[in-house]
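What follows is a single chain, given as structure tokens, in the form predicted on its own.
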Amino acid sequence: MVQSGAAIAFGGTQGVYRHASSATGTDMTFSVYVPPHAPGAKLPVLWYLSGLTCTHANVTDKGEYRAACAEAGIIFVAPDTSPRGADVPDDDAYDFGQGAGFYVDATQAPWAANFRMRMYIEEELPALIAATFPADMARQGITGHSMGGHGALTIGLRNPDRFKSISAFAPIVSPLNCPWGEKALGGYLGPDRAAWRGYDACALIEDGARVPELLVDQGDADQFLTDQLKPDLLRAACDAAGIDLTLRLQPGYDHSYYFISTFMADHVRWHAARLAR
């Protein structure tokens, strides 16, 4: 692993790192903020998964999480959204290919060779974080935005024993029922929609996945709200399953990092309270 950048912020260290990934067969870049802490202390970890077109840099530069993480004593990890490189398959559209990994393990050519973001986020990168940083891997939370909100919900629902807290900003709650999801899951996984259900938060809940609670913030001026995000589908699934969903429709907010940064500290504090238990 190579550290490609580091800076002091709120008494902690913001670093950017690159390593060779066996999951994707490429170099992958991620950022980690480690708050100030006593020598030998182990700290809870909050994962943040980014949305379409993003890299680790979007939230690192614009997420405004460091003050809250320093106050709460939480490590903040921000991976990239897909494998990248000249030899990695890509697509001309913004919502497929590089920058749009959808946190799946692709099964279709040519994507299957590199697009194994589920394995990368669920297995490879956590092992690297545990070995390299003062992380208490028994206390992990996960959040994300848009496509990354989809990733946070589905990864959290598939791994309830690992992730003690799950939240999202404007998530794609049901890729089975929106154009972004149908394009991505069809392209990466093929036409069998039954194979998509493990990557759909509403379907996972319908199929028996259970967590105690979820927190979702959604802007009511989000241009993707009606056609792509459809938070009412998640509300219905959680109501039917008895999952405590806090769904906050924030008036006037759009899909941007202005929205995310406004509520980021609140999410960090929400996770901190649950990871302290």
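The first residue of the sequence shown is number 1, and the count goes up from there. For clarity, every value in this text was computed on a predicted model and none was experimentally measured.
The same protein also has a form predicted in complex with a further copy of the same chain, omitted here; what follows describes it.
Remark: Y253 counts among the residues lining a further copy of the same chain in the model of the complex, judged by a heavy atom distance of 4.5 Å or less. a further copy of the same chain in the model of the complex is approached by E64, whose closest heavy atom lies within 4.5 angstroms of it. Though the partner is left out of this view, S22 does not reach within 4.5 Å of a further copy of the same chain in the model of the complex, counting heavy atoms only. Among heavy atoms of T60, some come within 4.5 Å of a further copy of the same chain in the model of the complex. Checking 206-214, 233-241, 64-72, 42-50 against a further copy of the same chain in the model of the complex, the stretch whose residues place heavy atoms within 4.5 Å of it is 64-72. Proximity to a further copy of the same chain in the model of the complex holds for none of Q108, A112 and S174, with the criterion being a heavy atom within 4.5 Å.
Scanning 1-28 for heavy atoms within 4.5 Å of a further copy of the same chain in the model of the complex gives A7, I8, A9, F10, G11, Q14 in sequence order.
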